[in-house]
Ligand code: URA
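First, one chain by itself: the form predicted alone, in structure tokens.
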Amino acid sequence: MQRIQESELIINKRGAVYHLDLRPEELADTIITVGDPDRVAAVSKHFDRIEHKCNHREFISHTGYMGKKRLTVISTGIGPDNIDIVLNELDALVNIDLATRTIKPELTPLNIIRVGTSGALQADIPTDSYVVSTHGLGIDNLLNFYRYEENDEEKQLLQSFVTQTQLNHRISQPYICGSSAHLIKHFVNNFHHGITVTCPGFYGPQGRILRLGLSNPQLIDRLTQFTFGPHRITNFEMETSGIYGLGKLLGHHCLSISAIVANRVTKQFSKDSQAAIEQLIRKTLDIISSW
């Protein structure tokens, strides 16, 4: 088995992966990711006990138990670049022998669930509601650096997306990946379902205008109007497609769930976004702990 060199996988002096500062025994097989480091404690306060805490850069992690269910909650920070770090290092913790720097002969799949916030792109999805992403559609280019190929239906959907939104290749080469059927079946009642678009930024890439003009000023309208068979775009944010794409390539089960804090069609913003996020955390933990 080929050895992974020190420059390619950085392991610190305590035997932990560099950015997350976690060792294999400090990670549970079921992981909740949150963007905001402060939200880690908002999740772990519901644990019955916490066995490990770690804080390195924007990556904070707590591992503990709800009943007999062992869970890790970890902050990713914002954006697909951070997702590249988090997904690869989570995978390394379970599927690479850090002592020998070789890939293990038997691979371990993780359950990775993003609990975050998002902006709705449909008028009938109100603020303070919840969206489960059936697909992550990336206009961030992350997965284009890896060997990934969509199936025939996904290729047709992407072609229709490019045609309808008039996104040119100078901006993005979009990609798409579906959620885990293993996980999404648990999140049906009282959740909206649809395609989530992942953007590489918060302002221009999401159609916001402050002082700079946009190369595609009709982006919001075109995303809202997009349809392909039964599919429509429900929301956008900055992490889902990277989680879905890398998760699929690495063999993990991934799901993204968003609290809608803004509706970009009706121009409304949540009057109490923290309450909406807290309720989503509770709903998600209740479902996970019942597995």
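Bear in mind the structure is a predicted one, so any value in this text is a computation, not a measurement. When you see a residue number, it is the position in the sequence shown, counting from 1.
Keep in mind the form predicted in complex with the named molecule is missing from the figure; the text below concerns it.
Q: So the named molecule isn't shown here. In the model of the complex, which residue out of Val265, Ala262, Met66, Ile31 has a non-hydrogen atom within 4.5 Å of it?
A: By the 4.5 Å heavy-atom cutoff, the listed residue in contact is Ala262.
Q: If the cut-off is 4.5 angstroms on heavy atoms, which of these, Ile60, Met238, Val43, Ile233, is the one near the named molecule in the model of the complex?
A: Selected option: Met238.
Q: Just to confirm the contact call: exactly one of 45-53, 254-262, 224-232, 22-30 touches the named molecule in the model of the complex at a 4.5 Å heavy atom cutoff, so which is it?
A: It is 254-262 that comes within 4.5 Å of the partner.
Q: Should Thr127 be counted as a contact of the named molecule in the model of the complex, where contact means heavy atoms within 4.5 Å?
A: Taking the distances in the model of the complex, the answer for Thr127 is no, it never comes within 4.5 Å of the named molecule.
Q: Taking any heavy atom pair closer than or equal to 4.5 Å as contact, tell me whether Tyr148 reaches the named molecule in the model of the complex.
A: No, Tyr148 sits far enough from the named molecule in the model of the complex that none of its heavy atoms falls within 4.5 Å.
Q: Contact between Gly138 and the named molecule in the model of the complex at 4.5 Å, heavy atoms?
A: Judged by the heavy-atom cut-off of 4.5 Å, Gly138 is well away from the named molecule in the model of the complex.
Q: Should Pro174 be classed as touching the named molecule in the model of the complex when contacts are defined as heavy atoms within 4.5 Å?
A: Flag for Pro174 set to no.
Q: Within 4.5 Å of the named molecule in the model of the complex, counting any non-hydrogen atom, which residues from 109-123 show up?
A: Thr117, Ser118, Gly119 sit within 4.5 Å of the partner.
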